[in-house]
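For reference, the chain that follows is the form predicted on its own, supplied as structure tokens.
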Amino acid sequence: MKTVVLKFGGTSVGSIDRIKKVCKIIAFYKKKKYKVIVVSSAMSGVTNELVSKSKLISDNFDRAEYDTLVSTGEQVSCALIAGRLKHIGFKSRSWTSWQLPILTIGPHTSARINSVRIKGLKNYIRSGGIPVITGFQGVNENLRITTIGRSGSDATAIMLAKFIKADECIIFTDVDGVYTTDPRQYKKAKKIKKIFYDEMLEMASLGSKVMQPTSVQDAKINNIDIEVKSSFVSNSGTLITGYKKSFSDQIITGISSTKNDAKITVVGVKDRPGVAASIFKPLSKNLINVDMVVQNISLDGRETDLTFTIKSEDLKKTERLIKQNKNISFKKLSFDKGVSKVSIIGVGMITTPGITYRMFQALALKKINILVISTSEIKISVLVSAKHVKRAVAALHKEFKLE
């Protein structure tokens, strides 16, 4: 008998009617003789409401109490799902993270799942029961509730699949799979039937909101296949899998674009060993994520210009930190908030020459200027003016025959 983990996102359980529909999906798998484990997020909007309440209480709300507060949202949805399953004739009960328990390590609000005690869970499943487990949370060594960060319910489902040795892990959301690019921005986007972990990891980190990068990384490390499906329609979804399990002749799998980027250039920095580290150290300490980095050395080798990108909301803080940094000297700072990153992703580019040329040529034909370039084995990213993003995505989508 196969074991399946079914995870439902906030929009899937966003109302009583949607919870009733979710229970029909769960019943479908149970009637197919699957052993079913359910993981649920909080009802859509509930976590945001709880966070807002914490801000009204304090500007510096205690992080441990924050975790205790926001974890209550999943308890509500899980109790409602279990109650509905009982109503339609199934054996079911809700489980909170501490009842298994799901053991975590790391700080409050951003803990990671370390292990899951499954003895009681396995006994309950063997008895024919459907456990409905709170996602997004666990308990630490001090028996305090911890949370795994926003969208952490995906991580809960993946780790449960690992420890219970499930045959399938299905993530139900409000979209029916992963698309070649954001279908809201480009109507000719096509659903991807199969995508490799590394490709999905790149797409998630570059702006795709279907899954969080940490969840994809957990799936890759533990070699767990994930299917992303919609809870609203019965269409087939997207399989996220590993290289060794599958093969694809598609060179480019998808295109991602970001919003709210800013470009910073530190002009005329006195060049010496460790200067880049001196610039980025205070940014790192202040949790500012630096993305694309380009360095240009002057002809005499005495000075360098350093260009990098950050999120727009970090721009003022970054400017202040650089100006206050006494370990560097420079001639000028320049900033540009109106930029976005456009990336092509695909494992096929590892063995296919000419991809870089085709990307640059497609953008050039549309008169789109490239500001910064960054590459990896399976990704090429370019920074362009934000006003050109839609045209860039359309041109690349057509060039690599993703339509």
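All residue numbers refer to positions in the sequence shown, first residue = 1. Bear in mind that the values here come from a model prediction, so they are computed numbers and not experimental data. Whichever C-alpha set is largest while still superposing within 1.5 Å between the two forms counts as the rigid core.
Absent from the display: the form predicted together with adenosine-5'-diphosphate (ADP). The rest refers to it.
Participant: Picking from 106 to 114, 81 to 89, 301 to 309, 183 to 191, which part of the chain touches adenosine-5'-diphosphate (ADP) in the model of the complex when contact means heavy atoms within 4.5 Å?
Facilitator: Looking at the partner contacts, the answer comes out as 183 to 191.
Participant: Within 4.5 Å, heavy atoms only, which of 283, 170, 224, 210 is in contact with adenosine-5'-diphosphate (ADP) in the model of the complex?
Facilitator: By the 4.5 Å criterion, the partner-contacting residue is 210.
Participant: With adenosine-5'-diphosphate (ADP) left out of view, choose which of 203, 252, 219, 145 has a non-hydrogen atom within 4.5 angstroms of it in the model of the complex.
Facilitator: Going through each option in turn, the one that passes is 203.
Participant: Do residue 271 and adenosine-5'-diphosphate (ADP) come within 4.5 Å of each other in the model of the complex, heavy atoms counted?
Facilitator: Result no; residue 271 lies far from adenosine-5'-diphosphate (ADP) in the model of the complex.
Participant: Would residue 264 count as touching adenosine-5'-diphosphate (ADP) in the model of the complex under a 4.5 Å heavy atom rule?
Facilitator: Because no heavy atom of residue 264 falls inside 4.5 Å of adenosine-5'-diphosphate (ADP) in the model of the complex, the answer is no.
Participant: Any of the heavy atoms of residue 319 lying within 4.5 Å of adenosine-5'-diphosphate (ADP) in the model of the complex?
Facilitator: No, no contact at 4.5 Å.
Participant: Although the partner isn't part of this model, could you tell me whether residue 9 comes within 4.5 Å of adenosine-5'-diphosphate (ADP) in the model of the complex, counting any heavy atom of the residue?
Facilitator: Although adenosine-5'-diphosphate (ADP) is absent here, residue 9 would touch it in the model of the complex, with heavy atoms inside 4.5 Å.
Participant: Would the C-alpha of residue 257 be classed as shifted by 2 Å or more between the shown form and the other one after rigid-core alignment?
Facilitator: Yes, the C-alpha moves 2 Å or more.
Participant: Does the C-alpha of residue 23 move 2 Å or more between the shown form and the other one once the rigid core is lined up?
Facilitator: No; that C-alpha moves by less than 2 Å between the shown form and the other one.
Participant: Rigid core superposed, CA of residue 343 - does it shift 2 Å or more between the shown form and the other one?
Facilitator: Yes, shifts by 2 Å or more.
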